[in-house]
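Encoded as structure tokens, the following chain is the form predicted alone, with no partner shown.
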Amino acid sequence: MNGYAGHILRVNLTKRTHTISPLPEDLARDYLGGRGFVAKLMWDEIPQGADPLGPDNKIIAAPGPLTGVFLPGSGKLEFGAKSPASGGYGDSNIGGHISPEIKYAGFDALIIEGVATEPVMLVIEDHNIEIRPASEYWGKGALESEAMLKNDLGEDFQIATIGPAGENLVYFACISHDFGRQAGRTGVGAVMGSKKLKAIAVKGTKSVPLADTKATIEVGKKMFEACFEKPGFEEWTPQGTAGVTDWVNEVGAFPTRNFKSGYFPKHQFINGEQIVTQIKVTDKACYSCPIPCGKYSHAKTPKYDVHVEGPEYETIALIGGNTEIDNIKDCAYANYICDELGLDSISAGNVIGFAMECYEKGVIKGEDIDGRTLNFGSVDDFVWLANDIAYRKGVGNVLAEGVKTASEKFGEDTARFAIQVKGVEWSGYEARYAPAMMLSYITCDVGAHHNRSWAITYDVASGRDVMEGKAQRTIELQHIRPLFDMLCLCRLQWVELGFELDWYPQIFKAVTGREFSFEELLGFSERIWNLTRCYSLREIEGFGRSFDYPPARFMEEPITDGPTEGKFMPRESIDYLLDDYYKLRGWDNNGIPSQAQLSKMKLEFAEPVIAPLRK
């Protein structure tokens, strides 16, 4: 099949065996790749009711049909597993260079199952597969262990690792790669740790078959040229994602003090300009990327001296604004600590901001934290708690399971300011005065994550008091953006440069020989959106509308200051948005897909599971 390596690798860590099988044609035909493969294989492979941190869960990693091909941003990889954070569908996307290497080794998906009896690593060199002991790397940081493995295996290997947080089963542990890229959300690093799998190392020398090599080169070259010609190319690249910091603060959407506010008065000390002038060493790109968003940085003070990729916007928002750390070097240092420990910096900033508010309110007391403090604005407190979370010490053992579980254990009405949906912490946009962005968060299939639908700009452009049309735009974005995760392409060319979407059907045809309009490609993405909803309905008792609400803070507490001061989104507004959304989706009022919708999406196999859930 053109565009595909042609094989799936299955590794059983319990039996220490592996098998290589042909890629099923119907899987490629109906689910494209990447996120599509992950969702369908999770449905088929992981037994209903599996413990996310038990032996029946599986890690699935899948590149896409455009991975490793000559076009902008073709280096993404999708990891999936039943999420320890939500108990339902989980996936996480990572950049760097490992995805093309998996493809060049000859694989369109890795299925990793079972549990090793001791720490191991998976070494893939084309079709030569080994499960090797990894005890000497266990306990090391994610960055340190990657450097060790590069030294031991060779620079040609692309390596994914976990840090102590993954080893200790922290629910928001990430998988790290390329010294600063993370599959950060949904706790996939904890699943890897539960299997005692420290690392995946890959080296490939094979090629990818193309339907039309000449057309692929021609279209790919034109796509690169089009990126370079975009007006935003020169202005966006120097700061990368951090360049959006000022704008987000200006529109009152910058998370501040555990989301009490959307405005941080000291944002100018942690913005993209501060990265460029104070800590940036050079730009850093993923595979085949014309707009390197990564910023390799050096933060040095009398207290620390660290090199780190970042901080990017989400880290600035959640470590900076949300815990009120107002110095870019301190943000970079906290970023480094999270990366080395293997903590998702988004969830870490959210969880620690929650803990700081709990300390402020007397829920967490000095005796609970060895007589220390947990003060907003303190990088020392942040770093201390991050370590205790990663090693599950003291109150860190509770916080290691995320704000939802922690609030249930703390009680005292802490759930109202535990900023999460479906057990996954909210990422970097305050949305009490942004209906489409609010809806994007609460209906996101993996929990409160912005990457499925970044609708804040639409809210600002269309009117932030306007509710009509917000559900429709959210759904459109929930099809467009995850399509990139099926093809395994970076979406930043489209998002930041205004790169035209009609390029993608052209390159898809050149690579695979299959001809679709962009709208037809979106149909595949809609199928997966319905399938992931079905997966969580299958796995989480009572899943439905009640899981699609934000925390009480957003529905009842006005924003404290800044341009959106006094704004909040009452429950009736949330219900209006959800009603409209469900109707447009073809779901019932509890958020359950109808039989007609499943049939339309060619998901009839899910009907026996979903039918009993409808009222």
Partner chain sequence: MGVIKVSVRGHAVEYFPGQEERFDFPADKPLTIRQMLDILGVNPLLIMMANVNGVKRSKDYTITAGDEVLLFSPPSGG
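Residue numbers count along the first chain shown, from 1. Just so we're clear, the structure is a prediction, and the values are computed from it rather than from any experiment.
What follows is about the form predicted in complex with the partner chain, which we do not show.
Though the partner chain is absent from this view, in the model of the complex it lies within 4.5 Å of a heavy atom of just one residue from Glu309, Glu539, Glu496, Asp445, which is Glu496. Between the partner chain and the residues Ile129, Leu210, Ala215, Val460, the one pair within 4.5 Å by heavy atoms in the model of the complex involves Val460. Against the partner chain in the model of the complex, the set Lys266, Phe417 and Phe568 makes no contact: no member has a heavy atom within 4.5 Å. Shown alone here, Asp339 lies farther than 4.5 Å from the partner chain in the model of the complex, counting heavy atoms only.
In the model of the complex, the partner chain sits within 4.5 Å of a heavy atom of Glu314.
Shown alone here, Tyr429 lies within 4.5 Å of the partner chain in the model of the complex, counting heavy atoms only. With a 4.5 Å cutoff on heavy atoms, Leu531 does not count as touching the partner chain in the model of the complex; it lies far away. With the partner chain omitted here, the record of contacts in the model of the complex names 249 to 257 of 507 to 515, 154 to 162, 297 to 305, 249 to 257, defined by a heavy atom within 4.5 Å.
Looking at 464 to 485, the residues that come within 4.5 Å of the partner chain in the model of the complex, counting any heavy atom, are Arg473, Arg481.
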